[in-house]
Each structure stands twice: as structure tokens, then as C-alpha cells.
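First comes one chain, alone, set out as C-alpha cells in the form predicted on its own.
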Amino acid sequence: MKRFIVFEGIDASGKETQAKLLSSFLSNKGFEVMLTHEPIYDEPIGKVIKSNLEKKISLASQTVAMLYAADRHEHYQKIKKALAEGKIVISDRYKYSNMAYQGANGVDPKWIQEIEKYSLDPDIIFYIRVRPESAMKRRKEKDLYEENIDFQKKVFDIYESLSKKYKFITIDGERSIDEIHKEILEYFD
């Protein structure tokens, strides 16, 4: 059984929905599951990230990349503990989001990979692939990153590259929620 599962994709691609569905499925099968997401908005570092996303403060892209990496380090401590307790961990976003979003902000990808190199690699990464034009129609209230279609296109292009480099399992996110969920479950037979 794959124990550390990550969902990635651009904003409004359906990651959170699919992570919740998989968590429910595995819980109903009797597995103990920790469902989590990044960033952790109710923790100190996550609060700063959220303020930046909500445009209450403005930070340099490199600073934001380091904040996400620091948030991930704190998150990783919880993931590591849950895995040691025998739980399955399902995370909505992980280090690849930092690579995609801050890379689209102009931060050197090699530098981001360097600050992320100590993060545990997941057992399986689902990339919910949705075109930016489709994703933009899904969400009415948009944060700093979601409001700009050109930025989302850059993020999408980086995810396309990351999906090959890190061997993501690419799932067509343009289909119905049930069709996507059914395909994901094929990896848990």
C-alpha cells in the first residue's frame, strides 16, 4: 500500500476534492488516514503566506519560496510522525507546488529544488491536469495567483515539466469528479 500520497495541480484543478474522496475511501476500508494540505494556514508561517496571497503584504518571490519551504518542513514533521504511526498520509499540495508557483514567479528552479531537497519524496503523486482556462472558470473568488491567467499558464507549463521529471501520475481533471475518482482508485486495488 502506498502510504504517502500527494495531489498536485494548478489552482481549482480539483486536488482537494480528490484528496478528500480518497481519504474517505481508504478510511472506509479500515485504514487510518491523515488528510492534510499545504500551506498550513493556521500555523505561524502559513499565516504570513496567507497574508501575502490575500495581498495584505507583499513579499519578494524568493522570500515566499523560503516561507513555503519552511512551512513544508513543519508540515513534514507531522507527516513523518503519522507515517511512523502506520497512518496513510494524503496531502493536497507538497514541494512541487513551490517549484511550480515560485518558478512561475521567476525564482531559479535549481534554487527551489535545493531548498526542497530534504523533503521526503511521496510514494505516489497524482497530477490533476486541468487547463488554466477551465480552472479560471471554476472559482469566483481568486487569490494573488489565481487571478492572472498568464501566470496560471506559466504554472501549468511548469507542472507539465515536473510531471515528467518526477513521474507524476497524470489524471485528466477535465472530466467529472466521479470519473476522476474512479481512475485514482485503480491505483489502490
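Note that residue numbering begins at 1 and tracks the sequence as displayed. Keep in mind that this is a model prediction, so the values were computed, not measured.
The form predicted together with a small molecule exists for this protein as well; it is not shown, and the discussion that follows is about that form.
Trainee: Consider residue 92 of the chain shown here, and say whether it contacts the small molecule in the predicted bound form, taking contact as heavy atoms within 4.5 Å.
Mentor: Taking the distances in the predicted bound form, the answer for residue 92 is yes, it comes within 4.5 Å of the small molecule.
Trainee: Taking the small molecule as it sits in the predicted bound form, is residue 17 in contact with it (heavy atom to heavy atom, 4.5 Å or less)?
Mentor: Residue 17: contacts the small molecule in the predicted bound form.
Trainee: Can you work out whether residue 12 and the small molecule are in contact in the predicted bound form, taking contact to mean some heavy atom pair no more than 4.5 Å apart?
Mentor: Answer yes; at least one heavy atom of residue 12 falls within 4.5 Å of the small molecule in the predicted bound form.
Trainee: Applying a 4.5 Å heavy atom distance criterion, does residue 171 contact the small molecule in the predicted bound form?
Mentor: No, no contact at 4.5 Å.
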